[in-house]
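Here we start with a single chain on its own, the form predicted alone, put down as structure tokens.
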Amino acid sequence: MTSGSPNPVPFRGGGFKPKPIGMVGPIVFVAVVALWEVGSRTGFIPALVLPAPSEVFEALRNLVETGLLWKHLGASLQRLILGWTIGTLLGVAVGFSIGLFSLARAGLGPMVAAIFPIPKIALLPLFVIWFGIDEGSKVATILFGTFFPTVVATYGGIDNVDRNLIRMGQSFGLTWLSIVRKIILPGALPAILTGFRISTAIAIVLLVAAEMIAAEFGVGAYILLAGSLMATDELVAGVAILSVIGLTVSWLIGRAERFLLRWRT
């Protein structure tokens, strides 16, 4: 700002920081559902193609009243949490090893690059042979699909940490462990948490695919049964349940980001 300027320039240190506008999302959602309901009732949207939201709500209400919702949801959440947690922990550990140690990068990096592009759904029959048709194959599919994006996000985040900060820590005499804990880990956290979001979406997709193979309970099994019976209202209800699971996980990761990355504000 020059001396005597009548219009001082405001401080923009916050960068492109999004401003929360709480009511926009619910308003858009309600508007879309209302248009969908009107289109279904007027016949513009055929019932066989897409049932009305009121019919989907009725299917959800029946699920709650019969108690099947909690059986399907409980089975799916158990598989999702177990597979995603183990896959994420292993992915972070391997990602840090590749990011910090040259020997691990030389040995594990090419292997991760070779296996990561393989569609994990294609390996589901192999997991059935290895782990059986019960819970083992389903959890293994989710674990395997979660592991690789977490590895890539973790060591990619480490590679993007500003090397000048690491040199500064070394010049101040910080130990290797202190540099990792105070510089590398905070710098890589945004990428790691983004990897969590991606791996969660992949885990939900693999969960549905795995549950469509010999699962008595689970959201995927419910959707498969509804589709085979052409019960589109129940099918869309199952998809809505998956959407709620995804939104809940995204909200939890967002809360974790605000807590762990509060140093950026």
Partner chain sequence: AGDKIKVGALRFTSHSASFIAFEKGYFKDAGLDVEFKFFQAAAPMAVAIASGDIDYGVTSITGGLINLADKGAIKVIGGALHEEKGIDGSAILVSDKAFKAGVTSPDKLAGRSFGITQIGSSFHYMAARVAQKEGIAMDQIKLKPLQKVGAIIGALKSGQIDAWAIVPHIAKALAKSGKVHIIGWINDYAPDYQVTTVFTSTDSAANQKDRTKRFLAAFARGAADFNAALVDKTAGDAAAEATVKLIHKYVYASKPYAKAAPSIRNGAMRLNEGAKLNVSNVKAQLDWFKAEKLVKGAIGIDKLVDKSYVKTY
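Residue numbers count along the first chain shown, from 1. Just so you know, these numbers come straight off a predicted model, no measurement behind them.
Missing here is the form predicted in complex with its partner chain; even so, the following discussion is about that form.
- Using a 4.5 Å cutoff between non-hydrogen atoms, residue 156 does not count as a contact of its partner chain in the model of the complex.
- Proximity of residue 81 to its partner chain in the model of the complex: non-hydrogen atoms within 4.5 Å are absent; the residue sits far from the partner.
- Under a 4.5 angstroms non-hydrogen atom cutoff, its partner chain in the model of the complex has residue 48 among its neighbouring residues.
- Contact between residue 133 and its partner chain in the model of the complex is found at the 4.5 Å heavy atom cutoff.
- Contacts to its partner chain in the model of the complex (heavy atom within 4.5 Å) from stretch 200-229: 211, 212, 213, 214, 215, 224, 225, 228, 229.
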